[in-house]
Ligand code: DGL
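Take a look at this one chain, the form predicted on its own, written out in structure tokens.
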């Protein structure tokens, strides 16, 4: 095979490869949904590490280890890009992942910049896990964009667990949200950053509590746009109007994971177990 034909074959393989998306649990489905909306022609693999969720209460070493393990599983499946759809994994492990990963890595971070540019009251609230809010990355964003606004960092323990159970409108979930949001509203917050990918599934309830005047910022759209850009730059974006495959994996019990992911995704899906040596691409 000539060098030219070998390169062409590699290009074809990359073109047909799926995009890998992972999160500490099911929250990254909010990002997967937006990627699928903007790139409906692309095959997708989603990994929910629900057996180890939430990452926000884990130490940094554990998060780094899980991030590397899942990234290598996705690489074994032949993905052409990896999306880290988890704010906590991003702030803890993204630098190390990018240092060795051979495919483009797109990550997510709290949308503090657009919130600072949007607020009218001058008070913005960042809702996230403790691990995310304590990170140097969030400190950097606050320092860069917080000079003219009051940034309130609000840890929201136990919200991830509610989404992991698909309890999006339960009395307990509402009580948790009211406990976090009402003091922020009293402080004048009018813009709320969803700094965890689980939280967009609670947007309806958040909207009921904050009122229609509040701005709720979900960074999933920006992440999907970056994926589109990276695929275009590398010339590996699939042509439109082709049948696609979306595969779901979870480190939690597959039966329970199938029920939760189906509820959040909007239709019945089969979730495959993650506890296997490697994910395998289907022909």
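Residue numbers count along the first chain shown, from 1. Model, not experiment: these values are computed from the prediction.
Quick note: we don't show the form predicted together with D-glutamic acid (DGL), though the next part is all about it.
Taking a 4.5 Å heavy atom cutoff to D-glutamic acid (DGL) in the predicted complex, the contact residue among 115, 160, 82, 181 is 160. Comparing 118 to 126, 193 to 201, 92 to 100, 142 to 150 against D-glutamic acid (DGL) in the predicted complex, the single stretch with non-hydrogen atoms within 4.5 angstroms of it is 193 to 201. Residue contact with D-glutamic acid (DGL) in the predicted complex: residue 248 places no heavy atom within 4.5 Å of it.
In the predicted complex, D-glutamic acid (DGL) stays beyond 4.5 Å of every heavy atom belonging to residue 219.
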